[in-house]
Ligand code: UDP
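Just one chain follows, in the form predicted alone, and it is written as structure tokens.
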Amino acid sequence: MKLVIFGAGGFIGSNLVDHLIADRTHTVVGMDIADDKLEGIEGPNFTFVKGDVRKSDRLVEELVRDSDVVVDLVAYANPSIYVDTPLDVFELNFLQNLKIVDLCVAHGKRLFQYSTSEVYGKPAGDAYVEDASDLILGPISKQRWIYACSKQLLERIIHAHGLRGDLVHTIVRPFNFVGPRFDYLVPAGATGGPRVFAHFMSALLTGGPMYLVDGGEQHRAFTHIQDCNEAFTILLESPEAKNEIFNIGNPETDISIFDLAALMKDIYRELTGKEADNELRVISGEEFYGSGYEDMDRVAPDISKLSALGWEPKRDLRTTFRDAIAFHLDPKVRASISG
């Protein structure tokens, strides 16, 4: 098959490209505004197209038209942006993605839409179940929910097209993917920005504080990016995956953010031989991200639906974070680890 991946230059996209082109089964075209994470990823079955989907309507339509499968990874995934510029989040995560959905309908292409585990919102039950759990979001005054709301609305429209019979789709709900090429790190001591790994890793490298938002009591379940790639392959090849929603996560890795800080310090010590004596500093969510932020505990995903297709996560919590931390260490340390 010929796949086009929008957002191929990001953390998930670059790892997915690397995974897909390795066995040369498929032809992959990737589009993004930058390709630095794709450095060293090359092969006769991969082509990179540099461009911004927001400014390249004709190019995007050509790429969709000439593909068999469209993989849409385009999104802002940064809580600070949800709070500071919620309209930008809505315009990219919903309106721009809706254009890609419409193109898939017009040209009869199968769509893989990467959504988010945040669509579940606040916990209601012991696990998040794709086709059963209620989606419970916070008040309008907490504008951080515009991210989850935009993703949820897009899912509902994709589902409606499936019901009408004019779109074949698979929706993926990622649960805290972690691994090599992870997003980007933040300046030492910075607040706001991307997810917890970026802050904790930056602190380990610089000796800065490890901020515990609202005390770090929130729980998250993390998933190794390679487990996610293997799940994608199964979904791509399974007829049962068409017009369905799937959690991709690892319920066995559930951990509090407080305990995650200790785990990352321990792994850093193991890999470098250096003590990680970073201060653990408690900070409120609104102080860290800004007014309009809201956080909550989360339960782990139910993955029985995907497991029924033959997938199980293989990498445990320590391996997941060991691989991610190693990627950001000195190249010599990284080489000795991979060797």
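The model shown is predicted, which means the values in this text are computed figures rather than measured ones. The first residue of the shown sequence is 1; numbering continues from there.
This next part talks about the form predicted together with this ligand, which is not shown.
Quick one: from His224, His199, Lys151, His169, grab the residue that has a heavy atom within 4.5 Å of this ligand in the predicted complex.
Of the candidates His224, His199, Lys151, His169, His199 is the one lying within 4.5 Å of this ligand in the predicted complex.
Tell me, out of Ile245, Ile257, Val119, Ile81, which residue has a non-hydrogen atom within 4.5 angstroms of this ligand in the predicted complex.
When this ligand is considered in the predicted complex, the option within 4.5 Å is Ile257.
Looking at 68-76, 92-100, 199-207, 124-132, which lies within 4.5 angstroms of this ligand in the predicted complex, counting heavy atoms?
Going by heavy atoms within 4.5 Å, the stretch is 199-207.
Give a yes or no for Phe288: in the predicted complex, does one of its heavy atoms lie within 4.5 Å of a heavy atom belonging to this ligand?
Output for Phe288 is yes: heavy atoms within 4.5 Å of this ligand.
Would Lys109 show up as a contact with this ligand in the predicted complex if we use heavy atoms at 4.5 Å?
Judged by the heavy-atom cut-off of 4.5 Å, Lys109 is well away from this ligand in the predicted complex.
Residue-level question: is Phe48 within 4.5 Å of this ligand in the predicted complex, judged on heavy atoms?
Close contact is absent here: in the predicted complex, Phe48 is far from this ligand, nothing within 4.5 Å, heavy atoms only.
Just checking whether Asp295 would be counted as a contact of this ligand in the predicted complex - the rule being heavy atoms within 4.5 angstroms.
Answer yes; at least one heavy atom of Asp295 falls within 4.5 Å of this ligand in the predicted complex.
Would you give me the residues of 181-215 that have any heavy atom within 4.5 Å of this ligand in the predicted complex, in order from first to last?
Contacting residues: Arg195, Val196, His199, Phe200, Tyr211, Leu212, Val213.
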